[in-house]
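In the form predicted on its own, a lone chain appears below as structure tokens.
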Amino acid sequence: MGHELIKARLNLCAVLKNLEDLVQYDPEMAALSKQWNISIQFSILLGPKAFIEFQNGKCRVGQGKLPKPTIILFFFSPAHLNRMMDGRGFPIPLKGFTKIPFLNGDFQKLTKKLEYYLKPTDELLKDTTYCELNTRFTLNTAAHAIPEIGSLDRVGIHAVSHIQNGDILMKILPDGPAVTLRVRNGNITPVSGETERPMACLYMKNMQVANAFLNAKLDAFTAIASGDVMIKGQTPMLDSMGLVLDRIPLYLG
């Protein structure tokens, strides 16, 4: 599978997914989007489709087509969408021409704020609130990137083929956030929150440890040996998942 297509799917399905939490946990963005009643369809020629929907102060990001979207943004190729996500290109609006000021104004403020949280610096991470949101978004991105890598990337496909059916829990102690990766017959579905009976668990000691671990600044073996990261249950499931996680920076790095 082509690099640009995998990257486009990660942008649509994993990166944009963080908008849901952004409008929930960032007070400024919550206030900005509170009155929005608008939906945006992303459509790639002969490629994946996704949508963003704002309603009643909440954001929903999903895959596929949305009935009667307010705005339709068209892309000639996965590379075209990736250039836009990297700030080097522009979509082609097929519907919602009167909403272009919204896209270039308030919506751009929202995406710029997401970019701000997804591109940390050592100085920014000293702020507790910033660190918590960056960690939450990094965990969320990883959880939603794993199914895409596991179904499209050659190494990812091989790794996922060795994961047995069951739930894998990734949780930041003591109180979360947490995500569950539900594995069924080679298909992985990310679910926000905990599961009652996980077959494998990866616990990160606190937000600072989780941030360093998820951003590959903390060696896994050292973290496990020191107790900063704890693993329980079917460790082969975690080993295979780790191989998939290692592939994410190749596309989103």
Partner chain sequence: MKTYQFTKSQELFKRAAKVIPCGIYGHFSPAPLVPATSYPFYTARSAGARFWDVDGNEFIDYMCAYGPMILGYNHPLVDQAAAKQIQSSNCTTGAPSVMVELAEFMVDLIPAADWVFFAKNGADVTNYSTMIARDATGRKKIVMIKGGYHGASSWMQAPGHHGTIEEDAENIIRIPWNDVPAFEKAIENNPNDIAGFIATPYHVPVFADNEMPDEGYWKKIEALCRKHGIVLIVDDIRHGFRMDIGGSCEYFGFTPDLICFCKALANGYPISALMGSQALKDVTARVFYTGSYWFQAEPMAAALETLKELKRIDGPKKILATGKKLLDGLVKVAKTYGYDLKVTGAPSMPYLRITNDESLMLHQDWCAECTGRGAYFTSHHNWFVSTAHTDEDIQQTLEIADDAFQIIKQQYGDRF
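Just so we're clear, the structure is a prediction, and the values are computed from it rather than from any experiment. Positions refer to the first chain, counted from 1.
This protein has a second form, the form predicted together with the partner chain, left out of what is shown; the following refers to that one.
Novice: May I ask you to choose, among 215, 226, 55, 63, the residue with a heavy atom within 4.5 Å of the partner chain in the predicted complex?
Specialist: Residue within 4.5 Å of the partner: 226.
Novice: Based on heavy atom distances of 4.5 Å or less, which listed stretch (180-188, 33-41, 66-74, 200-208) is in contact with the partner chain in the predicted complex?
Specialist: The contacting stretch here is 200-208.
Novice: Please determine whether each residue of 154, 235 and 246 possesses a non-hydrogen atom within 4.5 angstroms of the partner chain in the predicted complex.
Specialist: Checking in the predicted complex: 154, 235 and 246 are all within 4.5 Å of the partner chain.
Novice: Does the partner chain get within 4.5 angstroms of any non-hydrogen atom of residue 158 in the predicted complex?
Specialist: Residue 158 belongs to the contact set for the partner chain.
Novice: Contact with the partner chain in the predicted complex for residue 13, defined as at least one heavy atom pair within 4.5 Å: yes or no?
Specialist: Because no heavy atom of residue 13 falls inside 4.5 Å of the partner chain in the predicted complex, the answer is no.
Novice: With the partner left out here, check for me: in the predicted complex, does some heavy atom of residue 219 sit within 4.5 Å of the partner chain?
Specialist: Yes, residue 219 lies within 4.5 Å of the partner chain in the predicted complex.
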